[in-house]
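This document opens with one chain alone, in structure tokens, the form predicted alone.
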């Protein structure tokens, strides 16, 4: 069945998307606008004062402390993306091509990981990695001594928690891209004498690139707002943007500062999404040109 392209000026399309547009306007743009308004106010004696000035934004742009935490947040998010793709690509490939008979069982397990509360999973890692936890107990039992591993409450533990909680998003996006690859293209490469490695690198991997790219962007954007892992597994040793925003709202009772920092994080995430969309459009255009 041929799907005809439709313009955004189509009245029928506008009517069909009106409910979704209304929901986005009410639950996204309105709070975002209120946050922007709040960032131009100030606080005095822990009370909000409606002043309409740029003092909060000057504070944000002149303090290196805020930007060092933003830089650390982006670095941790980039590392999380790299690890999620490195771990998620083999799992997704195995689900799509190697263990297709167990595909549904693995899918159920991943969905179960989605549905399990992140708090439970994160505190489970604390019990596992604690000095008196399961891991050190097992290592002590084989003669490696007590507290053989001591990564809890370090940036490495924060990264481990982030990868563990966000990895299913990468696996699913890459898997959906892999199962849509025309199997005849892979078989044609084999018939042409290509090895399995060359077929994977020159046929499968380029065709799965949109899924890999989408999974990486999704994990990056979600990583910008992680709060639980730096607090519980990092022990506050690697503060990230979400914790900085929480402290601004709750501890310092400086709502304009928290609003301004929130807008900075949203801008970084929106910029990443825009850049990803631009890259995907260019990749799609290049693919159409080569057909």
Partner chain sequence: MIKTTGTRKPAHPTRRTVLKGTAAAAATGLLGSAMPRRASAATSMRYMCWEGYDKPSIIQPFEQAHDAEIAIDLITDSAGGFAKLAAGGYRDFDVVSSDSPWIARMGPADICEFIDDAEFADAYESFYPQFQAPFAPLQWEGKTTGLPTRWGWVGPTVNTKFDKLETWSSYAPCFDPAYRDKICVLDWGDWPIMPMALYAGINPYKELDEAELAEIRKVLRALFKNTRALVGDLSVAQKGLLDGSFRALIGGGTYCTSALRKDGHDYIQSIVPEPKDGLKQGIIWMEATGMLKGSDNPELAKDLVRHMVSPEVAVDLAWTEATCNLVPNSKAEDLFTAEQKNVLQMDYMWEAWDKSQFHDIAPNVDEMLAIFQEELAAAR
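Being a predicted model, the structure only gives us computed values, none of them experimental. Residue numbers count along the first chain shown, from 1.
Another form, the form predicted in complex with its partner chain, is not on view; read the next lines as being about it.
- Of the candidates 107, 132, 75, 116, 132 is the one whose heavy atoms come within 4.5 Å of its partner chain in the predicted bound form; the others do not.
- For residue 31, no non-hydrogen atom is located within 4.5 Å of its partner chain in the predicted bound form, even though that partner is not displayed.
- Taking non-hydrogen atoms only, residue 50 approaches its partner chain to within 4.5 angstroms in the predicted bound form.
- At the 4.5 Å threshold, heavy atoms of residue 35 stay clear of its partner chain in the predicted bound form, well away from it.
- Contact annotation: residue 235 falls within 4.5 Å of its partner chain in the predicted bound form, judged by heavy atom distances.
- Annotated contacts: 69, 150 and 255 all touch its partner chain in the predicted bound form [non-hydrogen atom within 4.5 angstroms].
- Comparing 151 to 159, 87 to 95, 185 to 193, 165 to 173 against its partner chain in the predicted bound form, the single stretch with non-hydrogen atoms within 4.5 angstroms of it is 151 to 159.
- Taking a 4.5 Å heavy atom cutoff to its partner chain in the predicted bound form, the contacting residues in 235 to 249 are 235, 236, 237, 238, 239, 243, 244, 246, 247, 248.
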